[in-house]
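Let us start with two forms of the same protein chain, each given on its own as structure tokens and named structure 1 and structure 2.
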Structure 1
């Protein structure tokens, strides 16, 4: 007589549901314009559960992990809120990003293939500073992908891991400010010079250009952006 078998799902699948919920929620928050005036920062747990098609348990576990990372704040009996950094914190984040991405650019000149570096043209050459106003939305996205690509092409996992913790906030502040004070036109010029330095395998110049480019964002935020 055949022995009855318990229908038990592997533990990995349970953990995977929580992990997938975490990844999806973090990605969704990452696309939000959290530094825009009037941005909705409160999250509805019930609505999220329905949107993701998961029970409250993996959702709460994912939210708890995001709270540990400082991306959300769970206020008992009040709700769940996306965390916005203070202006001082944002300035520090941009400074650290400038240091890390500039080193990543130097590494790109040493380890990336010619074809990988050439791929950056697709994020730069598509846009003309003369008519950028008509394509601002597309350029805003390409601008974010350009900086993420430099980090990725560096081949340095630790730089990738550290910048990942900064990405949501730096991305959001880039997205908000790219429309201000003619920054988009100047950004296109900077990006083209960076790609030229990378293709020339000039690590010192690439590092300097990326650092200066990111610090221009810091200067802009310091002078013109009100966050507190």
Structure 2
């Protein structure tokens, strides 16, 4: 089977400066703590073009895309500002997330293979209510991957695209979300129920569980996260 063959590497495709600037800017904004009090939300075209070492043209095209995506707001002759989402907007994003991921769960019961669904256990069973306290960080990652896995297994690329776009915005708020032990514990229970429903190919139930699970997060953020 294994013949000697050329290991063809994809040609080193040097992306355009616009595209690379877009990625760099998006990453920079993503890691910035834009919700901190003294955060500098203003961007300076000329300064950025110096920092990135590119001219203003590709930079502006990248900014135009970020504006389209809702990450920055360009005020003509006044400045370019990183957009701070309001609490209401964050809540809307979580609501949309709930709608999309619950639909994804429904799709999973229709299109995913048994082995794919079984793979979800690896992201859930590892954690026990008992030792959650010590492994909160790991759990947080596994939590994200669990939801990403459901969306991925749904086979619907568009749901993945939209939710990843939402995640870009919500991520900034995430560091402000306090992960209480109790919430994590109940979250694990929810996840196990969701996996059960998926395995049973019960689309209605899986959809409902995912929706309610995410709407719990919505209510939690509404109640406990302060932004404005």
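In this text, rigid core is short for the largest set of C-alphas that superpose within 1.5 Å between two forms. Not measured: the values here are computed from a predicted model. Residue numbers count along the first chain shown, from 1.
Between the two isolated copies of the chain, the form predicted on its own corresponds to structure 1. Residue 189 is not among the residues whose C-alpha shifts by 2 Å or more between structures 1 and 2 once the rigid core is aligned; its shift stays under 2 Å. A displacement of less than 2 angstroms separates the C-alpha positions of residue 111 between structures 1 and 2, with the rigid core held in common. With a cut-off of 2 Å and the rigid core superposed, residue 51 has a Cα displacement that reaches or exceeds the cut-off between structures 1 and 2. CA movement of residue 60 between structures 1 and 2 equals 8.4 Å, with the two forms superposed on the rigid core.
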